[in-house]
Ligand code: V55
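Taking the form predicted on its own, here's one chain by itself in structure tokens.
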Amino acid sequence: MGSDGAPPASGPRLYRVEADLRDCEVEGKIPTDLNGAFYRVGPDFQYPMHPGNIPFDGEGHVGMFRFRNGRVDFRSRFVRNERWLAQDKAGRALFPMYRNPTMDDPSVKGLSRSTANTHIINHRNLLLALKEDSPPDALDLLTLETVQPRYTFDGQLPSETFTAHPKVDSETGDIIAFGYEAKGFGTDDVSVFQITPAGKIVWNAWIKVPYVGLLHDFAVTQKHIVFYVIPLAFDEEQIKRGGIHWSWDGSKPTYFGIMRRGGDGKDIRWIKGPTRSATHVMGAFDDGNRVYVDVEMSESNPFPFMPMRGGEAWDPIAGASRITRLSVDMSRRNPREYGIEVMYPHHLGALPRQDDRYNTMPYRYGFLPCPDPNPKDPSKRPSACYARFDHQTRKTQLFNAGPNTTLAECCFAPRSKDAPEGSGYLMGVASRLDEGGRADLVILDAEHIDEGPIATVKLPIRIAGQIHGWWVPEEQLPTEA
């Protein structure tokens, strides 16, 4: 990063290594009840990054750690969608600027701009690679080969876009999802819909947002859907100058929008709040008439590479996120405010996770990658950690990865489909900075993460970076020959 927080003009170093590793080296012992696949995805530039672009615009590179009978294989592949194939044929970048179609090469008009680099989720024996400005791209769950670019649920998708953060209903297994800018680039339309495990869209509603701001994530409970509009806002003038889609506009408020599930969306209530950022949800639930949403929240722009409208400098202190509980009393006819409670003030971090079986229900445990909140030497960079939060007691556990290591977002895998909440394994990729970024997959007992790894899958190479990951248990995977 440069002194102003922006990435260097030359961009990140190209990596682009697709790997196949059989029977990976393991330190410790893989638990016998850990069978399935841990998938991860992140941006990996196919060609050098255009000056002024941001790291989020690299092509999607999916990795899979396949667990079977105490052994682990690793595989990674680019998502070979319309964008990737067009650039591969041309031998150069054709989409030079993050979510700015005015900069695209004329040859790609009409093609999907999706990088498919943000999140993945399994559906109907497919792995859907997601980028919120486009429909999903569908991959084979076992080979990672791209089998259906621009996946539209058999033509049912009502929106031109699809969120990077769909939720799985804890009772039915239905996917609840949305698309923003749903009627086209820069529009204030949002489409909300529900998809059965068989792939049928059974509900769809349309709403308007107060302004076109980042709707990266949302919250779903058994009764409600919550959107949180933040002032990382659509910047038309910046786009005309050849810049990226967003800039942080600190003059704008946030809006907490809440609507009933299954309705037509006309009941949505927008509650104005103070300027904040909240891009990821840990969990959400109803408790009587009150709705709770737990998010990572900062007072300003959390991304050093996102422009600040007005030219002010990015503030790393105001941009630091903490796990925060938002709540609103729905018994009031017209609520005018929502509660904001910082739950764990000493833990900074982004990319919170939970036991995903509790996406839409009351939950107790959450997880977060964070710097060590109590470093032994405050003058040095704090070690990377995973924190486990018990919301009932407000107690925390900490796994410390040690010096010269970074940790990606973690993911929870239950011991079995019927295991109690939080009973299972927490896993995440550790990159060893003093070994050229070589990667390990760390596996922890999710109830005792402070005891350290029960197993470490040791890779001989560094691997493509990660934004989000997803666990698929063995019973949800196709049968292998």
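Position 1 is the first residue in the sequence shown; the rest follow in order. From a predicted model like this one, the values you see are computed outputs, not experimental measurements.
Keep in mind the form predicted in complex with ligand V55 is missing from the figure; the text below concerns it.
Colleague: Mark R150 yes when one of its heavy atoms lies within 4.5 Å of a heavy atom of ligand V55 in the predicted complex, and no otherwise.
Modeller: Close contact is absent here: in the predicted complex, R150 is far from ligand V55, nothing within 4.5 Å, heavy atoms only.
Colleague: Do E409 and ligand V55 share at least one heavy atom pair within 4.5 Å in the predicted complex?
Modeller: Heavy-atom contact with ligand V55 at 4.5 Å: absent for E409.
Colleague: Does Y365 reach ligand V55 in the predicted complex if we count a contact as any heavy atom within 4.5 Å?
Modeller: Contact check for Y365: no, nothing within 4.5 Å of ligand V55 in the predicted complex.
Colleague: Is F303 close enough to touch ligand V55 in the predicted complex, meaning at least one heavy atom pair within 4.5 Å?
Modeller: F303: yes, in contact with ligand V55 in the predicted complex.
Colleague: Though ligand V55 is not shown, can you say which of N100, T146, T118, T163 has a heavy atom within 4.5 Å of it in the predicted complex?
Modeller: For this set of options, the contacting one is T118.
Colleague: Ok, V295, L214, A205, I244: which has a heavy atom sitting within 4.5 Å of ligand V55 in the predicted complex?
Modeller: If I apply the 4.5 Å criterion carefully, the residue I get is L214.
Colleague: Choose one stretch from 181-189, 131-139, 372-380, 85-93: the one whose residues place a heavy atom within 4.5 angstroms of ligand V55 in the predicted complex.
Modeller: Correct option: 131-139.
Colleague: Going through 57-80, which residues have a heavy atom within 4.5 Å of ligand V55 in the predicted complex? Please give them in sequence order.
Modeller: Contacting residues: none.
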